[in-house]
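Coming up is one lone chain in structure tokens, specifically the form predicted on its own.
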């Protein structure tokens, strides 16, 4: 079944109303009809199975049949700081896949080798709004109950100094001049971690000074192997491995 986003205030008295762009998609793109079953989600973790009972000119009224909370969501707070890429298409691809995989939070990151922005202020509001729409679309596609938080863009130094609250902090980096551990070995030490921050650099990677600063602030350098991966590939694989580990841990309980 397809998922459609509804504002929390549009769920009440056993019914939900689909309006705005979501209504247009429901009625004119997906061509849903009265009597069909769909999913509704409000972005806070609630997901509803609903039946369409009426379609008018500007909204669809749906009867709530059942309700779930945080269905399929990770218990852990998994955050990724993804460097903004030169290719908008590749960065948006990363946002889409990271959302599908189940991260709770995405932080657009500006580093020394980010080409498209010299500081967080260079990132336009229009671009951030577009990113939010991509994340919402990915939630709908993957039937996620929770919309990941898209944080304001931040530079690496500020990220490092505000990351103390995370149980585990890792920076993906392939250079041999830093002590590093393979991800498959690293995750074994994350058995009891409730919050995890994964930091991924841009196309040119991190500078030695950036990695050194991260290590001095409690980050661990983690490797995905000997191959030099594209930034979006590294973030998707890194998050994917972590998600599988966290899911398997939950199943073993």
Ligand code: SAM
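Residue numbers count along the first chain shown, from 1. Nothing here was measured: the structure is a model prediction, and the numbers come from that model.
One more form of this protein should be noted, the form predicted together with the named molecule, which is absent from this view; the next part is about it.
Visitor: Is the named molecule in the predicted bound form near all of 202, 205 and 231, within 4.5 Å of a heavy atom of each?
Guide: Contact check passed for all of 202, 205 and 231.
Visitor: Is there a non-hydrogen atom of residue 224 within 4.5 angstroms of a non-hydrogen atom of the named molecule in the predicted bound form?
Guide: So residue 224 counts as contacting the named molecule.
Visitor: I'd like to know whether residue 172 contacts the named molecule in the predicted bound form, with contact meaning heavy atoms within 4.5 angstroms.
Guide: Yes, contact at 4.5 Å.
Visitor: Within 4.5 Å, heavy atoms only, one stretch in 39-47, 194-202, 26-34, 59-67 touches the named molecule in the predicted bound form. Which?
Guide: The contacting stretch here is 194-202.
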